[in-house]
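Single chain ahead, by itself, as structure tokens, in the form predicted alone.
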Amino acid sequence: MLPKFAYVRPDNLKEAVEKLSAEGAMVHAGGTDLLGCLRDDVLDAGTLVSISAIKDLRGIRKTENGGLRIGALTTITEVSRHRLVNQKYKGLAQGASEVASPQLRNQGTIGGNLCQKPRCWYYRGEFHCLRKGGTECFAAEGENTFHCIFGSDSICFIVHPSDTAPNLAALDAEVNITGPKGKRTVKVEDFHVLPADDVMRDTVLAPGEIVTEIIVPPVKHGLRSSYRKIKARRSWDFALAGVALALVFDGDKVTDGRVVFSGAAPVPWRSREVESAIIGNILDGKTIRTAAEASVKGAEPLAKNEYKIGMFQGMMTEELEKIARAEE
């Protein structure tokens, strides 16, 4: 059962920030993750501050410099189907279409997808783990089939569940945030928090702060983007392994780009090793083999998820071969 809480629905951002200053207040957007966390006693909220009535937080439109502004309350379905997203940012459209089920994509928001809580069954269950203020990460020696191979620092082995965040990070997008101290902008790449920095935090959001919009920069000439997600069930599930590619080509040569993994780490994991292997090179067989090997450099699999090593290597090979053949 859901716990008891107060519910308020301000119609402007200023009022929403004020309401969030109350102790135990939490933002409610689509609610697809938040309500489950409340039901499972992962979170405890005295007041839910719904931002659903704030119209300025909805919609997708062009920015003055030719990029995109995506309001935080824009649904995942809207992102996946939007004409400009599909024309210019194919990887983001693919990532959005891979989120959960159609029903959840219709309800869930792009802001919520960036801010969602980890899916570790110890964290979501009745275990008082490190992320909930305990003294132990139970996944380290427990059931860790779906846990991370990068970025744990042997502290917490969650994987970040978002399919849109890796694509936004690969596109060098930014998050605009409003809170009690005013407005600020953070790159999506820097938005999530590693366990070594603070094991109890998921994002850099301070108390009372709200994600208001995501700004995606203009498309560079020669950009090709894509997203691949490998999951246990075909219908819908979280990523066992995934990769967002945003590569800039000059003819056959990769001149710039980013490679960001999902299903790999407690945050969307940028693979600078793969980037170093491909930037400045033509994606021929030798380069792709080198990149596939580089994709798991530094990986530290656990007892039950070593299969991810071969999975990431195979996925990297297939996706680089595919994007090398793709049209801009």
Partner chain sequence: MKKEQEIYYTKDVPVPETPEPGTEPEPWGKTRIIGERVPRVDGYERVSGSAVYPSDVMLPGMIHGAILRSPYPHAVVKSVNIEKARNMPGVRAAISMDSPGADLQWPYNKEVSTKLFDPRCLFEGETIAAVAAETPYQAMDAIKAIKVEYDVKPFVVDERKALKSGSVEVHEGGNRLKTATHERGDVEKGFAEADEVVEKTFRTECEIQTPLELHGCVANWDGDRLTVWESTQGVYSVQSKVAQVLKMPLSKVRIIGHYMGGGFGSKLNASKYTIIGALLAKASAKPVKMFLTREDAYIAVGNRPPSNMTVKMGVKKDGTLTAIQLKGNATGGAYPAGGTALIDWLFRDLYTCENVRTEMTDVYINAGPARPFRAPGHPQGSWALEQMMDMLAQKINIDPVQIRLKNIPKVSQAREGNPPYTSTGLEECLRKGAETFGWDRARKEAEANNKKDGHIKRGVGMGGCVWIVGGGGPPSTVVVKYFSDGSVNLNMGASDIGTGTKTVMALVVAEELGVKPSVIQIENADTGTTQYATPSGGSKTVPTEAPTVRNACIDAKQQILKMAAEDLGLDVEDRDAEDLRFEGEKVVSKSDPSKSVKIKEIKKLNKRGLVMGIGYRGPNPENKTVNPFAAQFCEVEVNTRTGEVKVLRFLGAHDSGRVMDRLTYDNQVFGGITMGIGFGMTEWRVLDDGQTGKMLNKNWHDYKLPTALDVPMDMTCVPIELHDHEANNTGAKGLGEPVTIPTAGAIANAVNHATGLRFTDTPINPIFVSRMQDKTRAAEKAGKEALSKEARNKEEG
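Residue numbers count along the first chain shown, from 1. Not measured: the values here are computed from a predicted model.
Another form exists, predicted in complex with its partner chain; not displayed. Remarks below refer to it.
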At 4.5 Å between heavy atoms, only one of the stretches 249 to 257, 210 to 218, 136 to 144, 167 to 175 reaches its partner chain in the predicted complex; which one is it? 136 to 144
Which of these residues, Leu194, Ile230, Ile155, Leu223, gets a heavy atom within 4.5 Å of its partner chain in the predicted complex? Ile230
Does its partner chain come within 4.5 Å of a heavy atom in each of Tyr122, Glu306 and Gly310 in the predicted complex? yes
Hey, in the predicted complex, does Asp237 get a heavy atom within 4.5 angstroms of its partner chain? yes
Might Met315 be said to contact its partner chain in the predicted complex, defining contact as any heavy atom within 4.5 Å? yes
Heavy atom of Leu2 within 4.5 Å of its partner chain in the predicted complex: yes
Looking at the partner-bound form in the predicted complex, is Asp41 within 4.5 Å of its partner chain by any heavy atom? yes
